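What follows is one chain in structure tokens, specifically the form predicted on its own.
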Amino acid sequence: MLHRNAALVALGAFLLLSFAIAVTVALPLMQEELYAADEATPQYSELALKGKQIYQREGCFYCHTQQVRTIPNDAAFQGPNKRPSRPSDYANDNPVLLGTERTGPDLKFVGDRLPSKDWHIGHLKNPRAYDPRSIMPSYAHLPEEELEALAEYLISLRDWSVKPLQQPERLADLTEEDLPEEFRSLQNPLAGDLQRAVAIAEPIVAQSCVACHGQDLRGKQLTERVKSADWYERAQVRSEQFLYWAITVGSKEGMPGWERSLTEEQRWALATYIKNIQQIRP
């Protein structure tokens, strides 16, 4: 009797497991439209594929995931379409590097949040130059060609259905004459309300700006050839419209574009903060 009951339990467990596999694995596999490539599927260059191999070899997936879920905690990692990742995003991935732990942030749409290759190369070499709190190891020991390939792979991790940000090479080389026409006529909605601008900007400055621009916001050397901007100097020579544009699009040299991470009001608050920094932080 005991053996018979055990056999029935084993059979029931087998049937239950088979049903679960059929529902969660077999049926989705038969629905090819769920995971077929579409306009949002990353198109990897040969250099990016080499970078993916380095990403695997160095074990980056131990600390970083590549899966944006539907839960509120993942909202910060969504791409410009403000959506979670979906099966078609991985159509060109073999293997799929979903990862299991977020010791570091999710990287599925990191190419939208941080589209600068130079930024990634500098960060890979010296993570603590960009964030003193970082526990990420330095990869400065890698050859330059491997760092470039790895950075190329990282900026390929984006929502390909959305046009990438058009970034200038170096903001420091530009003047007011280089400001795109569509930004020239913009009006600052926070003009005349410095108190509100400071209230909006200060948490962003503390969380996202001082790591690269320094606690005193006078800029610092991030790599041997990249120095972040001195906000006091920029305030003297740049209009609020230019500052808003720079914050919005960033630069290929290393300044992230914040168009997809911050609202218009937040970006205007930062531009106002920089323009009035002598008054805010005398």
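Predicted model, so just to flag it, every value in this text is computed and none were measured. All residue numbers refer to positions in the sequence shown, first residue = 1.
Although it is not shown, the form predicted in complex with ligand HEC is what the next lines describe.
Contacting member of Pro72, Gly192, Pro137, Pro143, with respect to ligand HEC in the predicted complex [4.5 Å, heavy atom] = Of the candidates Pro72, Gly192, Pro137, Pro143, Pro137 is the one lying within 4.5 Å of ligand HEC in the predicted complex.
query = Pick from Leu186, Leu179, Ala172, Val198: which has a non-hydrogen atom within 4.5 Å of ligand HEC in the predicted complex?
reply = Of the candidates Leu186, Leu179, Ala172, Val198, Ala172 is the one lying within 4.5 Å of ligand HEC in the predicted complex.
ask   = For Val249, is any heavy atom within 4.5 Å of ligand HEC in the predicted complex, or not?
value = Because no heavy atom of Val249 falls inside 4.5 Å of ligand HEC in the predicted complex, the answer is no.
request  = State yes or no: in the predicted complex, is some non-hydrogen atom of Asn81 no more than 4.5 angstroms from a non-hydrogen atom of ligand HEC?
outcome  = No.
query = Looking at the partner-bound form in the predicted complex, is Cys63 within 4.5 Å of ligand HEC by any heavy atom?
reply = Looking in the predicted complex, residue contacts with ligand HEC include Cys63, since a heavy atom lies within 4.5 Å.
inquiry  = Is Val110 part of the interface with ligand HEC in the predicted complex - any heavy atom within 4.5 Å?
reply    = Result yes; Val110 sits at the interface with ligand HEC in the predicted complex.
task = Could you list the residues in 223 to 251 that come within 4.5 Å of ligand HEC in the predicted complex, counting only heavy atoms and keeping sequence order?
result = Contacting residues: Val226, Lys227, Ser228, Ala229, Trp231, Arg234, Arg238, Phe242, Leu243, Ala246, Ile247, Ser251.
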